[in-house]
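One chain is shown next in structure tokens, namely the form predicted alone.
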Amino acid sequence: MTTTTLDSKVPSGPIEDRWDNHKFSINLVNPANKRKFTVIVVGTGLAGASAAASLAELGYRVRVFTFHDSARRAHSIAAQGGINASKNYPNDGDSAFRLFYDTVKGGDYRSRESNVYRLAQVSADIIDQCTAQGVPFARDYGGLLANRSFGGAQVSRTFYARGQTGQQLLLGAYQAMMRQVHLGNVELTTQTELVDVVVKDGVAVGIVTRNLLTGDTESHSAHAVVLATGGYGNAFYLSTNAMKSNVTAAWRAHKKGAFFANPCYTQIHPTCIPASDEFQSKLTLMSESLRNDGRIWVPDKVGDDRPAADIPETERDYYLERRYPAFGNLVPRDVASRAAKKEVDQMKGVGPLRNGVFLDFADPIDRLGEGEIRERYGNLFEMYERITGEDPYAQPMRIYPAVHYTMGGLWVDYNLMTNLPGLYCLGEANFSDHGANRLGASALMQGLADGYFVLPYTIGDYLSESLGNEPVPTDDQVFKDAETEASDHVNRLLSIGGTRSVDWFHRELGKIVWENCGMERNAEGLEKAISEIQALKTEFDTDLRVLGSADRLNQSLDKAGRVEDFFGLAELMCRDALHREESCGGHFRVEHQTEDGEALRDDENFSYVAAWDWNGGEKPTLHKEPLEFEYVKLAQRSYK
């Protein structure tokens, strides 16, 4: 297998000075010239909306595309618990360096140090920006912004707006973007999906879109393209993601030459409502902030059917507190998830299907009073009761891990540009900051850091080289070819005329990936999964049935294209997991574990980012970005 070494373009010098020095050393576009450039932004979540607002505020002409009917429907609204920042308001020892350290350690030493330190540096600015926009962060008795604890940290650094933090932050970014729409600096197009990234002479020059209401295929040209299209957790079918979340934009870019990095790095969230039957279409996330007060336990005795209230304290196993006394219930998500799986696998699961563990608030209610718990988590408790019919004030919640966030994504350098010049990638759609496991409350931080504070600087360095050049016209042959290919692809999906629905194929694919590339993986299972994915894809190509036509709203057709991309991604995920002969973060190979069952890394052989080239559909080519750790010492993770 031929490999090349990737250049991350990380600046040199002391890590605390790199970002400031980099901003000074890169080329700028002066205010009068910014209006001469057009930038396309795909996606209107936190990363996309904040980038669009910031770029337009600077003077660039911005065109924004979303497949939603409103930019406010982006999946960022689903984030509940909070956003990290190193302001140290509680005066408990936090700092930019400690946030940096916790994030690198939490990612099991598989992230790029310079990016993570920059993220920690700008985190405080994010809070100031969002507060100025009117985001209603919780406040303490003295009027300062309040903080609470999250997994993987021993300080309180998470700012929050009850259990609606993502929604409130998105409203702030959305309002900033819509202000620019009103001023004429942003052109917003809704209900329109990216179907291809257009590349000419190795440079991204625009996109092709499909109108989801009319089926019309259109080309759009720009000086630069920014993808901010979220994660790909729905490859597993059951996940906490919105039903529309997909990998299509990133995958189509990958097929045009953009490297896909660390695709097997998917995060399992420990605090989700367990599935109630096999035909459930998605899973519901309960915020990790609940672990700040709730205690997680299972009965000591296998198969104990008694109601939780009838099980005495002496017959309960608070297993996280027992195994990890220093962090207790606030261990990182991957550690908590594997621990819950272990208990359920040992037949200690609770609930009708024995597929959960208890998250119990009896102690904090006794200590703080029900009113205080309602103030902190009321909307989350209401949501849980609506879904399960159980009152979490009177009995423990039932939780179990589920696919949540994806740490893999398009490879980007320090400037957030992919290996394709002119194509940038922000937020969850890129791979850059979280390594093999994301700490809670850092997704919102990364999305807003990329959009508000990183891309607006770095994109100028690229655009300055194109001053005086017009975008490639949309009647150029590369756009015509891309439109033809997109139309042919739609017609092929409609013409298969088989017997199986899109959802059937998606569910079957999800089962394969979850069973073999989920919380636990092994070589035999991954090789089996690759074979099964290929066989199922052959069946998809010959037995898919999509009703309706392409010239009107057709959600089955839209879904078919997205599920087809999941097939390609799922195979790459399994290949990536198979090649990585180590356990790290949320990626647990059963062949590589410590004596007490923790993840065992192989720093000598796998301390790198694995970035894969499409290679025309043949076996993908691996490229490596070596990871160097100058400031955080490589060590076996311990939260005991």
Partner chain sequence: MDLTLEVWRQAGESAEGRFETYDAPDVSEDMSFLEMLDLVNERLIAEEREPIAFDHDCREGICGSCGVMINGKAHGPQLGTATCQLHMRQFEDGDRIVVEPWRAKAFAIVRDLVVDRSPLDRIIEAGGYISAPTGAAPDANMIPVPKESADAAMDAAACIGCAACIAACPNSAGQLFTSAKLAHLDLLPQGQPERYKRVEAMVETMEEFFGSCTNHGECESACPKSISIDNIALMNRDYLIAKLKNRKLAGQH
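Residue numbers count along the first chain shown, from 1. The structure displayed is predicted, hence computed values, not measured ones. Definition used throughout: the rigid core is the maximal C-alpha set that superposes within 1.5 Å between two forms.
Another form exists, predicted in complex with its partner chain; not displayed. Remarks below refer to it.
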Only one of these stretches, 357 to 365, 432 to 440, 135 to 143, 563 to 571, has heavy atoms within 4.5 Å of its partner chain in the predicted bound form; which one is it? 135 to 143
Check for me whether its partner chain, as it appears in the predicted bound form, comes within 4.5 angstroms of all of F279, E385 and R545 - heavy atoms only. yes
Could you tell me which one of Q395, S95, S556, T474 places a heavy atom within 4.5 Å of its partner chain in the predicted bound form? S556
Work out which of Y101, Y324, Y462, Y89 lies within 4.5 Å of its partner chain in the predicted bound form, going by heavy atoms. Y89
Using the partner position in the predicted bound form, report whether K36 sits within 4.5 Å of its partner chain, counting heavy atoms only. no
Hey, in the predicted bound form, does S70 get a heavy atom within 4.5 angstroms of its partner chain? yes
Evaluate L283 for contact with its partner chain in the predicted bound form, applying a 4.5 angstroms cut-off between non-hydrogen atoms, and reply yes or no. yes
D503: touches its partner chain in the predicted bound form, heavy atom cutoff 4.5 angstroms: yes
Residues from 106 to 135 in contact with its partner chain (non-hydrogen atom within 4.5 Å) in the predicted bound form: I127, D128, Q129, T131, A132, Q133, G134
Core-aligned CA displacement of E390 at least 2 Å between this form and the one not shown: yes
With both forms fit on the core, has G351 moved 2 Å or more by CA between this form and the one not shown? yes
